[in-house]
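Given next, in structure tokens, is a single chain: the form predicted on its own.
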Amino acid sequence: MQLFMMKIMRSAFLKNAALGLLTTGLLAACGGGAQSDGDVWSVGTEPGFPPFESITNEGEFEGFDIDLMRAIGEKAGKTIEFENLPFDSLIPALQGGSIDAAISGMTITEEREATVDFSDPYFKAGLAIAVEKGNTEIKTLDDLEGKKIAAQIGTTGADTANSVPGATVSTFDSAPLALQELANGNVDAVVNDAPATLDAIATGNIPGVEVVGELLTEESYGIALPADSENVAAVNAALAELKTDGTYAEIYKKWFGVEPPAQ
């Protein structure tokens, strides 16, 4: 798993809507983002994408993205409050101004950049195909023609699956649910971000599946913010500092067990 990972180098705390704004008279709308007191960033995430984001048995957020965003907040002098949202609701929430940012293993794409702003890339990833162990018929995207494919809704994995001629695509709210559909024998393959797929396999949460072939794409994850958000510069400055002072590498090794690839 570590060799593959090196090759590719992918109950909530609800925001207090009051935040004392009406009593203090401090109204801060961060470039069209959520109204906050300026010291709090409300950050949306879909915690069904380990090791990037998940929920512990105690109901706490954890994962690479969670640690990274908290470290960015610390550098920027902000308190981070996470909101549990479905992945396909994150961009609408940014557009509607109910959150200040979103971090959820979100690939930077031209389509998304047309509606929101992104930070500098913080993770190199890519899509991989997972199949039932012992399946020797599927190794490439072409092999999925006419097959049944599962993917997470609203992701580049789903977009790629839908591009396969004749394929029947089922979408699910999280990557583990899509992989479980494969383990149950209901689909022929899953197209999903490789890091999350490998983590699910390594932890034994999804038995009887494996990753095959080469990565389908090379992608970069970014932190999404409302269009024209004033916070983009602060997030980028904090991220650059984390990479320089070694904090980013520490977080990366904690969750992936290897040094991060050259940035």
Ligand code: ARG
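Note that residue numbering follows the sequence shown and begins at 1. Because the structure is predicted, anything quoted here is derived from the model rather than measured.
We do not show the form predicted in complex with this ligand, though everything after this point is about it.
Proximity to this ligand in the predicted bound form, defined as a heavy atom within 4.5 Å, singles out one entry of Y221, F64, F61, W41, which is Y221. Stretch-level contact analysis of 75-83, 182-190, 142-150, 98-106 against this ligand in the predicted bound form, using heavy atoms and a 4.5 Å limit, identifies 98-106. Shown alone here, S119 lies farther than 4.5 Å from this ligand in the predicted bound form, counting heavy atoms only. At the 4.5 Å threshold, heavy atoms of F123 stay clear of this ligand in the predicted bound form, well away from it. Proximity of E53 to this ligand in the predicted bound form: non-hydrogen atoms within 4.5 Å are present. In the predicted bound form, Q152, G154, T155, T156 are the residues of 126-162 with at least one heavy atom within 4.5 Å of this ligand, listed from first to last.
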